[in-house]
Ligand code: NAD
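Only one chain comes next, encoded as C-alpha cells, the form predicted alone.
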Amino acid sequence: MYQLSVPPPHYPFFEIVQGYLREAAALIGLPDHVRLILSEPKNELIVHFPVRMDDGDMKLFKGYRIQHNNVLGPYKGGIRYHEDVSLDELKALASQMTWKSALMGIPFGGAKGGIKFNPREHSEDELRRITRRFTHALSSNIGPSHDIPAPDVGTNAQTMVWMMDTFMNTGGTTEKSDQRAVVTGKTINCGGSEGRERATGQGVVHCIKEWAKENRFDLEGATAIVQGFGNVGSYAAALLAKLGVSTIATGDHTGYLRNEEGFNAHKLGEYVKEHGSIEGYPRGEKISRSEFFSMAADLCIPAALENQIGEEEGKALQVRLVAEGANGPINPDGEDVLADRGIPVIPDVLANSGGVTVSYYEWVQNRNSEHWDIEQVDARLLHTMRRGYQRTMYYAEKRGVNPRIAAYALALETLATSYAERGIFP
C-alpha cells in the first residue's frame, strides 16, 4: 500500500483514455471503423533541435506535436513545457482535445505538443530561444487553418507571442496579419482575447455553479481545496472567492499549505506569478500531501497534473464534489472509489473546456480582425459552458452512466455524424 505522500503509481494515461473511448463507443453503438480511426492520432511529430544556452553551451531538445483528429476543424491544443512530457501523455491529451471541441460544439479538432525539459531551470532568454527554435522546427506543420497551439503547463501568453512572432517572420505568405491566429492565448496587445487567461478556471467555476444550482447547494460560506495554483487553480479560486467560497488548502510541486480562515486567492495568485510557486508564502501553514487530501471541505479542484487522485486519495477525500481543472487528475481506481462513496465528479473534458472555448473566440477575432469586449466573451462562455453541462448531465441520467462517459458519448456522436456525412477518402 503506497502512501499519500507521493502520487499514485504510474498509469498509462493514453490507455485510460482509450478505455473511456471504448466504453462510450459501446454505449452509442459507434461504428467500428470510426472507433478505429479515433483510437490513434493522425500524426505524431517528434523534432530534435539545438539551442545555445546563456553560458555558450549547446543543448539538444526533444519536442513533440501530436495531431489527433481534424474532421471537425483545424487541430487545436496546448504546448506543454515539463520534464515529464512523453509521447503517451501527449497522445492522451491530444485525443481529449478532440472530445472537448466536439462536446462543446467548437469547429476544432484535437492536438497537443510539448518539449521535455524543466522550464524553471532556464532564464527568460533561454526560454525565448528554445520556443523560437521549436516553432521553427514545427513551422510547416502548424498554421491558422491547420494546427493552432495554445498555452499549457509550463507555458503562458509570452510563450505564445514568441511562437506567433517566429511563425510570422519565417513564413512565405504576404498575409502576415492573418497569421496572428496561428496560436491562441496571446497577450491582449498582440492579438489575444479578453478573458482568455482566466477562461479555463472560469469554465470550472461555471460548472460548479450549475452543479450547486441543481443540487440546491449554497456556495456562500462553502470551502474548497485546490491542488495546483497556476493559471487554472488560481483563477478558479479567485472566482470562487467572489461567490463566497474560501480556499482553505492548496499545493503544487513545492508542497502544500493550509489556511483554515481561507487564503486571499488574489494575493496568493500574485505571489505565485512573481515567485513561480507557493513556496515561501507567509500566510499559510505547511502541511503534507496526506493532510491536504484528508481535509474536510465542500469542493476539491485538482488543477495540477494527471494521475493525482488514486484509490487512497479517493478514500481520504472529505468533499461533496470534485471538479477536474486539470486533464486526467483522477485515475480509474480513484474514480471507482469516489463513485462507491457517492462523490460526484465533473469530468475534465467538460469542466476545463473553457480554455479551448475562449481560444476559439480568440481565433475568430483574429481571423475577422475584431476585438470583443470582456462582457461579450463572458456571455458567450457562460452560454457554452452551461449548455455543455446541462447536455452532459441530462445524457448521464438518461443513459444511466457517469458524466465522463456521457461527455465522451456526446462527443463521439458528433464525430460519428461528421464521418457518416463525409465518408472516408477515397
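For every residue, the number given is its place in the sequence shown, counted from 1. Nothing here was measured: the structure is a model prediction, and the numbers come from that model.
Here the subject shifts to the form predicted together with the named molecule, a form of this protein not shown in this document.
Within 4.5 Å of the named molecule in the predicted complex, a heavy atom is found for not a single one of 14, 76 and 161. A single residue from the set 321, 92, 153, 239 has any heavy atom within 4.5 angstroms of the named molecule in the predicted complex; that residue is 153. Proximity to the named molecule in the predicted complex, defined as a heavy atom within 4.5 Å, singles out one entry of 82, 128, 122, 209, which is 82. Residue heavy atoms within 4.5 Å of the named molecule in the predicted complex occur in exactly one stretch of 225-233, 137-145, 163-171, 240-248, and that stretch is 225-233. Taking the partner from the other structure, the named molecule in the predicted complex has a heavy atom within 4.5 Å of a heavy atom of residue 325.
Contact annotation for residue 304: at least one heavy atom lies within 4.5 Å of the named molecule in the predicted complex. Under a 4.5 angstroms non-hydrogen atom cutoff, the named molecule in the predicted complex has residue 253 among its neighbouring residues. Within 4.5 Å of some heavy atom of the named molecule in the predicted complex lies at least one heavy atom of residue 352. Residues from 403-426 do not approach the named molecule in the predicted complex: none has a non-hydrogen atom within 4.5 Å of it.
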